[in-house]
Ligand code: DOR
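Starting off, we have a lone chain in the form predicted alone, written out as structure tokens.
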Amino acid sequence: MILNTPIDMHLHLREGKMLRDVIPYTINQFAAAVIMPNLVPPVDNRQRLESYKEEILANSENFTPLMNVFMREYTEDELLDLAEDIFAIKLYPAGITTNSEGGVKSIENIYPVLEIMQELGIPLSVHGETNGFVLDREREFAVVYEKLARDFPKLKIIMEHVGTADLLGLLEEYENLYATVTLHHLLLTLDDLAGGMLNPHFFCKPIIKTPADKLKIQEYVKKGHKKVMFGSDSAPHTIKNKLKGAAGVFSAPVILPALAEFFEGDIETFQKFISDNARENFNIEVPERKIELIEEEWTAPYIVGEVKPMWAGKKFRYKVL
């Protein structure tokens, strides 16, 4: 099974030793990835962007980092300067997830930024959750997506890590809305997190939800919906911090073996989900690279540095060469 130029449309690499520990699992499976900017301090200026990209490139080869910057009230001059070197700008509602305390408190405050982004063709990437009841947060955010889509019809907006079926219908209503889907929202439900013994390594934001949500997401993915793209939201935390309640699933080591089983026998749809849809929707041009999987038993690592991967120790029927 050969995949052409897989792209992870949503990836957390962190910095320093953790980046060095986790990045090999991404570059072994992907030609490129969209890199999240919620570091401390956030990636929200030219200097920070360049230094972070340099760190990634110094620890990888045959890999293209597609950089995002953290949403704030940018000036037009700043956006003009950044436009050629970023893929998108990432909107985090203030305090909604890891390192988002400096996020957006009022959507209206960033309308001038969105207007310029629309003119320059810079996509908007969104962590779409309210501060409501945990299972309702994505559904409640739908009205914000609709308002943004109406007010900025030429702005391409990515609904990140969709975990609720309610958001998928918006793809049909608004031409400028797109969605990424993670491995954990595609294959897990709340039962996997809390149905038996609590598994903190499956805790993420937005939280994984119901079997009905999972089935609807799988339906959109399996039919090869052109606006649905793979974005892992692989988010490493130390085991110590996971046991304290840090949100994030470190899925990077198991992505392609798990997806190969999910798409069993349907390489065409697999290829669309893992690469073609993203490349076509956003005119992504990166060096092509072939990734081969063979049907051979492979066991997911039990530990990566100080991080426990998703499905640590699980045996898969496919292996990445």
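One rule holds for the numbers: they count along the sequence shown, beginning at 1. Quantities reported herein were computed from a predicted structural model and do not represent experimental measurements.
Keep in mind that the form predicted in complex with the ligand is not shown, yet the notes after this line are about it.
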| query | Using a 4.5 Å heavy atom cut-off, which stretch among 108 to 116, 186 to 194, 73 to 81, 204 to 212 contacts the ligand in the predicted complex? | reply | 204 to 212
| query | Looking at Val162, Ala235, Ile158, Met229, which is the one with a non-hydrogen atom within 4.5 Å of the ligand in the predicted complex? | reply | Ala235
| note | Assert contact residue (the ligand, in the predicted complex, non-hydrogen atom within 4.5 Å, options Thr180, Thr98, Ser125, Ser251) equals Thr98
| query | Hey, in the predicted complex, is Gln29 touching the ligand, heavy atoms inside 4.5 Å? | reply | no
| With the partner left out of view, is Leu171 within 4.5 angstroms of the ligand in the predicted complex by any non-hydrogen atom? | no
| Ala247: heavy atom within 4.5 Å of the ligand in the predicted complex? | yes
| query | Should Asn277 be classed as touching the ligand in the predicted complex when contacts are defined as heavy atoms within 4.5 Å? | reply | no
| task | Go through 9 to 25 residue by residue and record those having a heavy atom within 4.5 Å of the ligand in the predicted complex; state none if no residue qualifies. | result | His12, Arg14
